[in-house]
Structure formats: structure tokens, C-alpha cells
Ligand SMILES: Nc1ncnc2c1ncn2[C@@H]1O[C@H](COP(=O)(O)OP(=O)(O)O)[C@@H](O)[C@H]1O
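One chain is shown next in C-alpha cells, namely the form predicted alone.
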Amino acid sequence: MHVIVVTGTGTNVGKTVLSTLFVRHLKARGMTVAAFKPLCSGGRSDALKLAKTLGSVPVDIINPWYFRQPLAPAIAAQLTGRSLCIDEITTHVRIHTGTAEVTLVEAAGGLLSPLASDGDAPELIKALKAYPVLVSVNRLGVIHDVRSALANTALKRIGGAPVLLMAPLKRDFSYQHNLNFLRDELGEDRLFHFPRLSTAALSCSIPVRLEKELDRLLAALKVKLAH
């Protein structure tokens, strides 16, 4: 089983966009895929998008823990009297992965957002023995956000993770300079960038150029695609 954890420098940076594209692209390449958004708080739209993309998996399997309050999952769970632990999350993922060749897990919030009483995304990545990918938005401040996340010493795999920059709704002056700086610092093989995609575009055919970028990103995550 090959496990990928999609995490980010914060909330609303494009993790679900990437997760949805990953599932569609892997299925189109003939791979069997399991996908999870184990924790949702404040809304369940991310899990519903994954469920729609997978097509035959109940949303309660994709998202077993949903909290109404728009807070970090561990805090939202406390308000309901729950105490969720990382082991519960990993056990659910392993039980429901089945025979999938690739398992994708989308974390909630940013890299250090508290997911459970005993950990955040680095602990989840470690427990699942997963390959992480870090998502951020290419806007002013992204260099700081990416470097801060990659400097996290809680898990060595984070430091070497590929980084995906999502295009913002409106590009600012820093856009190309951010790309150039991070490409020089991380290397061409670790930096990826996607155009901004609307909800409607996510249900259409994936453009060839974007397919190539997805293939390149999956190769960085050590996924061997079926042919």
C-alpha cells in the first residue's frame, strides 16, 4: 500500500483540489485508489467532493469524524466531549483501504493544526508511514509559509516533501518571484505549480499540461503509475 498525505501551510490553500485531481488522475491511469478526509469541522464539502470523485464510497467512510464548529479538529472534538487520537484515524484508514494500490489522506487545516489529542499532521504522516506533499497558495508571504513548514523537525519526511503552489484568484507582484526563489532553493524536482481551477473545471477533462504535472508530482511521491 502506498500512502500519500496531503497537508498544507494553512486552511483553504487547495488541498482538496489536489486530492480530487489525484483521485481522478490515478483512476484514469488504471490505478485503484482509496481516499479519505478523516476530519472535517465547520463543513463537509471537502469530503463530499472526494466522495463524488470516488463514486461508490459512502461519505461516512471517507469522513468518519465531522464536527459542526469551524475549529481545528482536536478543539472541535473537545467541545463535543470527544477525545480523538491519531491511532483511531490510522486504524480507520487501514481498515477501509482494502486492496487499493494508492491511499490518499487529506489532512485538515495547516501542517501543525491539532488533528487529535496526541498529534497533528506530522504524527499522522509518521503513523501511516506516508509520503507527504505540502500545498500552499502562491501569494505574498508564501516563501515564509513554505520554509517554516519545511523546517518542522517533528518528522524528517516533511523537510524533503514536494511542494505544490496553487495559483491565487488574482496574481500579485510576488507570483513569479516566489516561483523562481523556491525553485532555486528546493530544486525543479520538488517544486510544482497548478493553475487556479474552478469547481466546474474539476469535473471536466484534465488538461494535458496539468496531467504531465500530476505525473511529475506522483513520481516525486514514488508512485509507479500503471500503463
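For every residue, the number given is its place in the sequence shown, counted from 1. Please read these numbers as outputs of a predicted model, since none were measured by experiment.
From this point on, the text means the form predicted together with the named molecule, which you will not see here.
Option from 25 to 33, 55 to 63, 188 to 196, 171 to 179 whose residues, in the model of the complex, bring a heavy atom within 4.5 Å of the named molecule: Stretch 188 to 196 is the one.
Please state whether all three residues Val13, Glu106 and Leu202 have a non-hydrogen atom within 4.5 angstroms of the named molecule in the model of the complex. Spot residues vs the named molecule: full contact, yes.
Close approach of Val17 to the named molecule in the model of the complex, 4.5 Å, heavy atom: Because a heavy atom of Val17 falls inside 4.5 Å of the named molecule in the model of the complex, the answer is yes.
In the model of the complex, is there a heavy atom of the named molecule that lies within 4.5 Å of any heavy atom of Ala161, even though the partner is absent here? Taking the distances in the model of the complex, the answer for Ala161 is no, it never comes within 4.5 Å of the named molecule.
The named molecule contact in the model of the complex: Leu39, any heavy atom under 4.5 Å: Residue-level check for Leu39: no, no contact with the named molecule.
Within 4.5 Å, heavy atoms only: does Leu50 come near the named molecule in the model of the complex? Although the named molecule is absent here, Leu50 would stay clear of it in the model of the complex, with no heavy atoms inside 4.5 Å.
What residues in 19 to 53 sit within 4.5 Å of the named molecule in the model of the complex, counting heavy atoms only? Only a single residue, Asp46, comes within 4.5 Å of the partner.
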